[in-house]
Every structure is written in C-alpha cells, then in structure tokens.
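In the block that follows, a single chain appears as structure tokens, in the form predicted on its own.
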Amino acid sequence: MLPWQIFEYNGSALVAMVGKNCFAIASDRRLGVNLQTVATDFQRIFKIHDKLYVGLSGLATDAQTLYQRLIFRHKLYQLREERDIKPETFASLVSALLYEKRFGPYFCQPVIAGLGDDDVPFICTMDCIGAKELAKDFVVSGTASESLYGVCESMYKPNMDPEEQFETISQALLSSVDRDCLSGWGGHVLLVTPSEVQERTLKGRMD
C-alpha cells in the first residue's frame, strides 16, 4: 500500500458549515476496507463539549485513538482552567498534538467546529501533521472532499438560519457521497445553536 492510499483505506466524507450564530457538521456512516463495506453506522463526529465537536476522517483506527487522546487533553484542560476549552484554543491543541507525531503521524484529517465567544461559529480543518486551514464558510475532509467542495461552493450562502442550514448541508453531503464509491450509506448531521443541539440521521443510497 502506498503512503497516501492509507487515507482512502476506510473511506470517509466530512463537512462543517457556518450559519447565523450556529454551525452544522455532517459525516457519512460507511466504514469500509477498500471497496468492501464493513459497517453502516460508523461514528466520525465526536463531542468535546456542548458547543464543540470534532470530525475525524481518514484511517478509522487512528481516528478512534486520536479521539481518546483529545478527550484526555480536554479533561486536563478543564481541571487546570476550570472551564471548557474555546474552539480556537482546541484547534491549536489538535494541531500541536498532530505535529508532535509528524514522523509517524495519525492518518487523520480533523474537522473542528464550535461556538466561541458571543456564540460566533468557528470552523477549521487540518492535514495529518497539523497544518490548519481556517474558513468563514465551510470546510471539508475525506475521500469525498473534491465533490463536497464543488457542491458546497454552489449551495452555500452566508447567514443561514438553522433549518435552512440543515437542508443545505444534508443535500451537499448526500449529493457528494453519491459521486464517491468509498463513502456513503446515509449521513449523520449535528446542528448546534447557542441553546440546543439537534442530531439527525440521513438515509441515502445503500450501495
């Protein structure tokens, strides 16, 4: 297996999108081994605290290991600071953790989404050695990232309300995974506003 093929071993699709004082983060549900499907309910989006979520695309085993390390780091931060971590600070923490392992990296490309001060949404993604890419509209990651970019570019508009944002991110995800044979099998969408978190499961093509 070539080094860059390791990211395509399990297949994944992740997207985060900013709305008006809210954000949405969505992933597909397929876990595969190359073209063979192993599970159809795989979790790629993880909760750090009520207003901060991280999605991990790439190698599934590394994603689970990395999530455990991030939870550990966040708990240490809570003990020391006696408050929840801000999304910007968490992005720097993830970046440092990945760069620390740059000579034998976790084969993951994280997508971080959270609500910061005054409920201003923050989204960012990074590569497997922690190089951050910040955005004001949307970020994508995974094997379906090319088609996600195209669909999000055409469907996104600024300051969407939560319902409109859910519709946009859901359509973007479902359209994109249909054009990628390594991801799909429905979707998982989290819609986070200052007052609530809505979690919804999408049904997509089952092939």
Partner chain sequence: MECVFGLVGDGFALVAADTSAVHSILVHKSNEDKVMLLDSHKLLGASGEAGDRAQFTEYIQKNVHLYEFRNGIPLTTAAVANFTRGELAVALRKNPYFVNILLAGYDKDVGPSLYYIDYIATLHKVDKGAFGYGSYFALSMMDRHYHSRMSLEEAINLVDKCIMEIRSRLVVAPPNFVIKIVDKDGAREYAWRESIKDAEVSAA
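Positions refer to the first chain, counted from 1. Note that this is a predicted model, so its numbers are computed, not measured.
Just so it is clear, the following notes concern the form predicted in complex with the partner chain, a form of the same protein that is not shown.
S.K.: Any chance all of 137, 162 and 197 sit within 4.5 Å of the partner chain in the model of the complex, going by non-hydrogen atoms?
M.R.: Not one of the three qualifies.
S.K.: Exactly one residue in 148, 48, 60, 26 has a non-hydrogen atom within 4.5 Å of the partner chain in the model of the complex; which is it?
M.R.: Answer to the contact question: 60.
S.K.: Where, among 169-177, 138-146, 39-47, 152-160, do residues come within 4.5 Å of the partner chain in the model of the complex by heavy atom distance?
M.R.: That would be stretch 39-47.
S.K.: Using the partner position in the model of the complex, report whether residue 181 sits within 4.5 Å of the partner chain, counting heavy atoms only.
M.R.: No, residue 181 sits far enough from the partner chain in the model of the complex that none of its heavy atoms falls within 4.5 Å.
S.K.: With the partner left out of view, is residue 130 within 4.5 angstroms of the partner chain in the model of the complex by any non-hydrogen atom?
M.R.: No.
S.K.: Is residue 70 close enough to touch the partner chain in the model of the complex, meaning at least one heavy atom pair within 4.5 Å?
M.R.: No - in the model of the complex, heavy atoms of residue 70 and the partner chain never come within 4.5 Å of each other.
S.K.: Is residue 106 close enough to the partner chain in the model of the complex to count, meaning some heavy atom within 4.5 Å?
M.R.: Residue 106: yes, in contact with the partner chain in the model of the complex.
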